[in-house]
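Consider the single chain below, provided in structure tokens and representing the form predicted alone.
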């Protein structure tokens, strides 16, 4: 028997286990998935948890229920990958052999990377919402907060779900309006980018919304340190932004396992061929989702599209066939804009987000790059789709893994 091992049982790893269990010959291959955490989180829900839109129970479930019974599920910390020997060391001392390895170890926040961020004010006046613990602590803070200077801040790119900090600012605007204290809250959006988003076309639309909602914008801010005693963030050009409540997106890094194994870049992301999802250094090792260094969004929709293409390429690899260079960086993201509305953006490596219809060209029912209540309903419906279809490896009707160009007018962008 040959062994296919998946490291990580988050969104990407769970999807791959479901895709492959029905496609690999059971008399020839065993599939093993390894993860140290029992709980599977619906991470897009972390955005809504601080505003009491979702409850804690709605964003977490027992991960084992989503892993196929025929898959060998190991609940243990991974100590080391030894790619030259096709072996994995587990913390208990157990060694796993593999013929094919899929790295789906995701990304984690690293607040220690910035001086003063993870200090005595962490989860007191400084919060993240990219973790369950951070989002829950922030929820408790917002319930009692009576106003002041709220700063929504991005440390550096890349980050998981690049639109989430903007969504947080928009939802905060709605949240404080509904509480009747918006006039007591000054919201400032601080980013290292030159604009509101990574894509110029979307930046135009999102900048307008910032202005409309009276959210100040500070761009090109490369943070050096957090002065938590005086409630300031300071960048390398000595620009200072005052805060009473800092909601920050710390540096996002790949799992420390990747660093220990000598397989990552400076941020512990795995160098990966952007069209095939095969790693650049080992032909029998593949990477998916947030664990890769691909110039694509680190988002669940991207992992979903990657999983369909990677499944095909794993089967081609086993047969000795050339891999398809098919993944085009496709990302499809709802952008919650507050007040029961949302935008929808659809883009890839070479195409900007543009106006049009989704998922059916010319029909919709969703409109691209336009605020609507229908898009908000789509965002809310995605939680059901996630738990019942996406991580179970069920194809979502009318949604292709690569970007559908029909019914859209766009300009090409250069990388």
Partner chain sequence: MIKVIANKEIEVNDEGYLVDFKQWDREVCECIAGECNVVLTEKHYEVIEYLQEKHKKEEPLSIRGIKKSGVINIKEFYNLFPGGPLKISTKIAGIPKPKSCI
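Predicted, not measured: the structure shown is a model, and the values here were computed from it. Numbering follows the first chain given and starts at 1.
What comes next is about the form predicted in complex with its partner chain, which is not displayed.
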- Is residue 105 close enough to touch its partner chain in the predicted complex, meaning at least one heavy atom pair within 4.5 Å? no
- Message: I'd like to check something about residue 76: if you look in the predicted complex, is any of its heavy atoms closer than or equal to 4.5 Å to a heavy atom of its partner chain?
- Response: no
- Item | Contact label in the predicted complex: residue 186 to its partner chain, heavy atom within 4.5 Å | no
- 4.5 Å heavy atom contact, residue 274 and its partner chain in the predicted complex: yes
- Hey, with its partner chain in the predicted complex, do 127, 152 and 371 all fall inside the 4.5 Å heavy atom range? no
- If contact means any heavy atom within 4.5 Å, which of 117-125, 233-241, 311-319, 88-96 contacts its partner chain in the predicted complex? 233-241
- Note on the structure: The listed residue (345, 100, 135, 172) that reaches within 4.5 Å of its partner chain in the predicted complex by any heavy atom is 345
- 84, 146, 283, 220: which sits within 4.5 Å of its partner chain in the predicted complex by any heavy atom? 220
- Quick one: name the residues from 61-80 with any non-hydrogen atom within 4.5 angstroms of its partner chain in the predicted complex. none
